[in-house]
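The chain below stands alone and is given in structure tokens; this is the form predicted on its own.
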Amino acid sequence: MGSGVMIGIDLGTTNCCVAVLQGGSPTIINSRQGQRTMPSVVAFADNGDELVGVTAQRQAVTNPNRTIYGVKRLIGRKFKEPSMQSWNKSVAYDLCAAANGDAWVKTRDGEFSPQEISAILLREIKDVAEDYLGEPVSSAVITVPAYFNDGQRQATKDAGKIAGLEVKHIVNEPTAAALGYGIDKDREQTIAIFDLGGGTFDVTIMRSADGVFEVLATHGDTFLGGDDFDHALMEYLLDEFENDFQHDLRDDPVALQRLKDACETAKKELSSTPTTSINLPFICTGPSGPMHLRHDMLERELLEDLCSELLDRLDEPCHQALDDAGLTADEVDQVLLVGGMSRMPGVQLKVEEIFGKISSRDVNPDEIVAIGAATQCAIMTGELQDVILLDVTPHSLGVRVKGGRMSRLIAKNTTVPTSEKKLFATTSDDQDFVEITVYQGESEMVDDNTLLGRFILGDIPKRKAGEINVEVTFLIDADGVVSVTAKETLTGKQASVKISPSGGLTATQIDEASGRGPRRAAVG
């Protein structure tokens, strides 16, 4: 990559936002249509163009099977996961399994990895930033949900590479929000960052003082967000329509897209008004002619009742983060709301119940993460020199040992970068190799955790069981990328590997996708 400006990017499930530091202050870069955020939507037109942002969003109703949204939910996930099967049923486009089992998008234009779709969004962001700045943009800080695992983080970096960006750093979204919020706050304080976006939920407990931002603990749910609240309302209206007309709209992609858009709009309206209505004329045609979907008095209380289970799912991550930080809710000085879903009154009430205090609402929840990412850019370039960011790894890391158990080397919420080592002994007589299998997760049994990778340390001396020791060292860098080294202590023979996720794109696939370049002619 050549020299150029570094930008901060919030690559969101629903919207993207980009910022850059100018004159010592973060500046949001508007989209081509003058909006401060860009919808995270990509579509394929009949003429072969790739449509991005508002342009893609506007044609979704007439082109539902080729309009891709919420792709962040797919990144780093397997097609067979229950969450992916549920998502496949709720969207108009199709998912498919890649050769390695990853969840990909399938349209008549081809099969696309989530990294490639994300790269289309990032490439548009890069182009818009270059137009605004009048100079090349070569690198970026990109934010991800704090609870993203190693595979999801690596996939995000791969998306940046395909888009022509060197991803200098991956920052957790709640951490970026706190950085953007507190960079000019001198007083010492303990902050809870409650980040509920379109597809993911994170909560981070952080302490800031004298320019040092220290994450104490983080927890979350990578499949809980605004899309689920939309879906809850959609399911209610679909059932209501079926009861009234004995007709199921679930197999009608155009009707589903119209209803999805209407439900998202109604949800937003109910954040500021107690009632709204949904009116979709000519939603479909039946034996007796056109049918219309109408709900004239949609009340906020009904939406919150439909979403009660989703709201309840916010409790456990918050309490777990507090426990991991060794704090009670009373010891939190301020709760910072991040993400568009934090505007929902029911969510704000839940936050108040959990933390016992009214949350701070003096930031824009859609922009603060990108501002924090741009702030991190300034820290990395030396433009801001008196700020230190201490983040953590969200998951425990360990290796498989006898009995299918996981021996933990690095515990969750350990400050990164970090390194830990542990000594293991052979378990069989005349054993001449050891297989190091690396897992991520909190269960004592490896089968309940996520496999990150494996490698072999061979040609070790043959001795009786227990007489040969192997020292295993884990290293996590600031981006959360894991490297593992195994050394046999008698001869000093060692092997090491930079853990690559069990899924994701190969180097060849990344290079091929990078070389294709954009096909689009219309963006927004």
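Numbering starts at 1 and runs along the sequence shown. Not measured: the values here are computed from a predicted model.
Below, we turn to the form predicted together with a small molecule, even though it does not appear here.
The contact with the small molecule in the predicted complex, taken as any heavy atom within 4.5 Å, belongs to K267 out of K157, K267, K126, H395. For the residues L165, L74, M341, A146, the 4.5 Å heavy atom test against the small molecule in the predicted complex is passed only by M341. Residue contact with the small molecule in the predicted complex: D227 places a heavy atom within 4.5 Å of it. Taking non-hydrogen atoms only, G197 approaches the small molecule to within 4.5 angstroms in the predicted complex.
Shown alone here, S271 lies within 4.5 Å of the small molecule in the predicted complex, counting heavy atoms only. Only one segment in the set 310-318, 232-240, 259-267, 349-357 has residues whose heavy atoms sit within 4.5 Å of the small molecule in the predicted complex; it is 259-267.
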